[in-house]
Ligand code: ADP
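One chain is shown next in structure tokens, namely the form predicted alone.
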Amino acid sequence: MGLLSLGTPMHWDEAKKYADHVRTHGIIQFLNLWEATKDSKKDCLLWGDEIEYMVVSYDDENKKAKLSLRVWEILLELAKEEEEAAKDPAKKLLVNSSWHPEYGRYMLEGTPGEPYMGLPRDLLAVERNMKLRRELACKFMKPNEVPVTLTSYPRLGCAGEGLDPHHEPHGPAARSLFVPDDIINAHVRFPTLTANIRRRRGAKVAINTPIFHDKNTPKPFIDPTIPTFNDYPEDKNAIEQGAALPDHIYMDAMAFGMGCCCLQITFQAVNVEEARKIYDQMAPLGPIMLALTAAAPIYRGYLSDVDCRWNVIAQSVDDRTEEERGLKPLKNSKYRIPKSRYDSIDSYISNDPSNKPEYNDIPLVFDEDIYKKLSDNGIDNLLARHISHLFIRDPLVIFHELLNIDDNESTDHFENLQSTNWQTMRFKPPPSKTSPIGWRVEFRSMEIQLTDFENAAFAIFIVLVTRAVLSFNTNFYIPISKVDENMKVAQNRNAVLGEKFHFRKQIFPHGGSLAPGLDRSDEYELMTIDEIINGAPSKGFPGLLGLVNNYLNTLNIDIETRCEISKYLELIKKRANGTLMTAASWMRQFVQNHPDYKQDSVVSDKINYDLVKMIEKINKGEVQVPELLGTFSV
């Protein structure tokens, strides 16, 4: 979730006075870090996954599955175990995990205790470690609590007792009609971030996701469950001021977005140029993997007409003013900014010869003064544009105690802005000048899956794709505008089977002209996800799985290890060709087949309870769901 500092946070009215101070010193810190680490080299790939869990508390008597708000207590116990394990080599193997807080007070983030290497045998440890993390988390939970890997909680924000302990909605930070501030992580950064997004924007965030129109869903759908309050000026936003759109599910707080869970993979590259290459080559895969991992069809107790979380989160942290959103002429704001600070990337950054200017075809908004400062200090054009683009944003949380710091020793001001640009990819410098950690890239688009087996499969697949990219020097470049188009369709209901995506036709180096200034439209075409993943022999396109298998063929892998890896890749293959459902399609089907469902798009407490119970049983291997997992063992 980004930088977690301790101190006294500033209200937005005060923080905005220091925005330029943070930007100025953030750039100085980046330049100092760049100078010290630009030539650093590591021996090999290191990588790790981040799994986010929701902790659910069952009320079996009343058939309710509630979100448990006591995760902080669980985190404290897990931290103690981590500390003890660090002192005892024998115990370290049993507690090979690391735990972190997330935005929601019901959320846990778990990572491997140490990064994996790029060796085939390391891939076989991934699922084991994910299972271990789940077991460790359960160890400190009550008998009626369970960690589930759900992307969006189906009844978050519904009226009634959906939280444990119960809290009524509303509060000074979010001012939400649906959720209390008590749902936000207690660390002072999170409620401050929530409140300052609202204050900077000049209104509450307005999240609207289209309703799924079933047989008995009213047309137009006007949500009858939106409550009315008269505590804050924003209480009139939803109905009187039109924030809640017809035929949409309306949400009004950061928790609906940043309270979602995902699966992220971080790679440490050998050097900065390799990190930039991975960043660029993986960027076009963001929308493809979003559609393939789709797992978020339900919001605030309603079936939606989308399968993914992405736009919900983008709207939940959209701090842009009306001027920045283009609703009013620029007067007090400096830029017209096309996207939320949570969205797809806006430019490629590698100096690889295959990256042509035509691929960066979106007009990039960037701070020209910061760009000049970076250029004057030796930062090349593409990277200078990238950093100065991130820095058009304002810092949202500034701590009094960290305002004036040593720019030679700290990167806090740089990270303040870097960590609150939440995009499909993130390019990450080393944490400090002396850190043993190198240049890294985060792959951030994937949705969390229901089981450890599925999450391991997608993590392993993405890691193998990066290895194949570097081994074969592949070229996935398409214009950034086409990646944006792909992001939009990736979230549509059943996009994995029903949509086509722009993708490059020739992904291997060839002798054709790569001169700048050419029309690039013939280099890519619309493909199905089945074609992108599994290949299109009639077109001579190998598919990403073909690429991965060719890479594995170059390695000296024993038969047993290859067979184990193959079962994970087989899941990817079958999800892509439609043999197996996505989690979103499976959840949608579960709801629509439930005896209590009235074909009105409503997901009741009982349906939600049964859904979460079923997901728990699936993950424990207690029930078989061949339409989701085939014959794979979890």
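All figures in this text were calculated on a predicted structure; none of them were measured in a lab. The first residue of the sequence shown is number 1, and the count goes up from there.
What follows is about the form predicted together with adenosine-5'-diphosphate, which we do not show.
With adenosine-5'-diphosphate left out of view, which of Ser410, Asn549, Asn208, Gln264 would have a heavy atom within 4.5 Å of it in the predicted bound form?
Comparing distances to adenosine-5'-diphosphate in the predicted bound form, the residue within 4.5 Å is Gln264.
Which pick from Leu124, Ile437, Cys158, Met527 sits with a heavy atom within 4.5 Å of adenosine-5'-diphosphate in the predicted bound form?
Residue within 4.5 Å of the partner: Ile437.
Can Lys428 be called a contact residue for adenosine-5'-diphosphate in the predicted bound form at 4.5 Å between heavy atoms?
Lys428: contacts adenosine-5'-diphosphate in the predicted bound form.
Any of the heavy atoms of Ser347 lying within 4.5 Å of adenosine-5'-diphosphate in the predicted bound form?
No - in the predicted bound form, heavy atoms of Ser347 and adenosine-5'-diphosphate never come within 4.5 Å of each other.
So in the predicted bound form, is adenosine-5'-diphosphate close enough to Gly26 to count as touching (4.5 Å, heavy atoms)?
No, Gly26 sits far enough from adenosine-5'-diphosphate in the predicted bound form that none of its heavy atoms falls within 4.5 Å.
Evaluate Thr111 for contact with adenosine-5'-diphosphate in the predicted bound form, applying a 4.5 angstroms cut-off between non-hydrogen atoms, and reply yes or no.
Yes.
So if I measure heavy atom distances to adenosine-5'-diphosphate in the predicted bound form, which of the stretches 437-445, 71-79, 335-343, 290-298 falls within 4.5 Å?
Stretch with heavy atoms near the partner: 437-445.
Does anything in 37-54 come within 4.5 Å of adenosine-5'-diphosphate in the predicted bound form by heavy atoms, and if so which residues, in order?
Result: Leu46, Trp47, Gly48, Asp49, Glu50.
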